[in-house]
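Before any questions on how it binds or moves, here is one chain, the form predicted on its own, in structure tokens.
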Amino acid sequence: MTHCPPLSGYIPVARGSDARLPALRFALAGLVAATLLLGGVILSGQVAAQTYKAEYKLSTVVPTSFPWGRGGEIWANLVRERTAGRINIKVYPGVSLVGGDQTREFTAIRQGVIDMAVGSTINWSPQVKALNLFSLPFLMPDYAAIDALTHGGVGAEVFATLERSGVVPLAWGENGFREISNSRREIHLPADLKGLKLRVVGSPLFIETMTALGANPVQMSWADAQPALASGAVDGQENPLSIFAAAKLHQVGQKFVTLWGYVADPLIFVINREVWASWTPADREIVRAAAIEAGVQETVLARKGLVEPGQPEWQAVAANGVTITRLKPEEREQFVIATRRIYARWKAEIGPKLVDDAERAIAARPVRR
């Protein structure tokens, strides 16, 4: 009689044992394996759950009374609602997480001190050279030019650079065109800036631009700027309308505003890379979609009253006794000429290819009538 080996998995027993024992051992082994597997799944789920913080810190330079801060609030609310509270985001305005120094915000995000931010390309430009693109004087003549950059190939290039720099960029927002104000006189030509002490952010490009125009730039955080304007320690500043209006700068001596649109300040919704990696793919997509939606809503708020005929928001500022000066084309050209050397030098710093791509995108933008 031919000897047959036991079937795979069969446990041989001594003669006379209960014939059902092998099957019982099979069942017990299966039960143990299933229990271990289930326990592993539960444990894995517990570990995954532990990677979600009770609170995620979102930094903005300004409070939620400004479109910029409101954009952060919209993002936080959308995420909280769509994740049923799994991702709970709290907005920390005034860059309070880095002692009010807005130029330290990007480094703090990379280091994990801040989990996420709606940040300014200007404030982060000292750490990411490519972001100086948006501060090149008189590069972007209108809103269509901003959109051509942020929502096209140039925007994708900038996002790729940010990812290599250690953060995850998700969406664009907007602080707007930065207009110049002061307490002393109307500005029509570069000569009118001579001797004016102007508050600027901590960006070498801004300092060089203002110096080339004859002004005396003073680097200062926004938290320090308003008392300095009120006391007369500085004569003026440059910021978008939304900042001017919400901060009521007409009450701190800013009686002259020139609309020259010399730079625009896009905002970027970003997340710390480790925080991003700690979330499930499904939650990441929720957060990304919420950032894009918040960015759209924030941009609408930032442009409100500026894209309509007559710019009613500036009319409201004028009603507070502020003189609004709109440059004639030949006047604006004088500022372009005065800053041409700065533009060329920083084009080399930023990267000629990126700047060339930006110039081509702007030239090809649709003309809005």
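The first residue of the shown sequence is 1; numbering continues from there. It should be emphasised that the depicted structure is a prediction, and the values quoted were computed from it without experimental measurement.
The form predicted in complex with a small molecule is left out here; the points below concern that form.
Contact with the small molecule in the predicted bound form, judged as any non-hydrogen atom within 4.5 angstroms, is confined among 70 to 78, 173 to 181, 156 to 164, 274 to 282 to 173 to 181. Among the residues 120, 203, 150, 135, the one placing a heavy atom within 4.5 Å of the small molecule in the predicted bound form is 120. Only one of the listed residues (254, 209, 299, 239) places a non-hydrogen atom within 4.5 angstroms of the small molecule in the predicted bound form, and that residue is 239. Taking non-hydrogen atoms only, residue 143 never approaches the small molecule to within 4.5 angstroms in the predicted bound form.
In the predicted bound form, at least one heavy atom of residue 222 sits within 4.5 Å of a heavy atom of the small molecule. Contact check for residue 115: every heavy atom lies farther than 4.5 Å from the small molecule in the predicted bound form.
Remark: residue 102 counts among the residues lining the small molecule in the predicted bound form, judged by a heavy atom distance of 4.5 Å or less.
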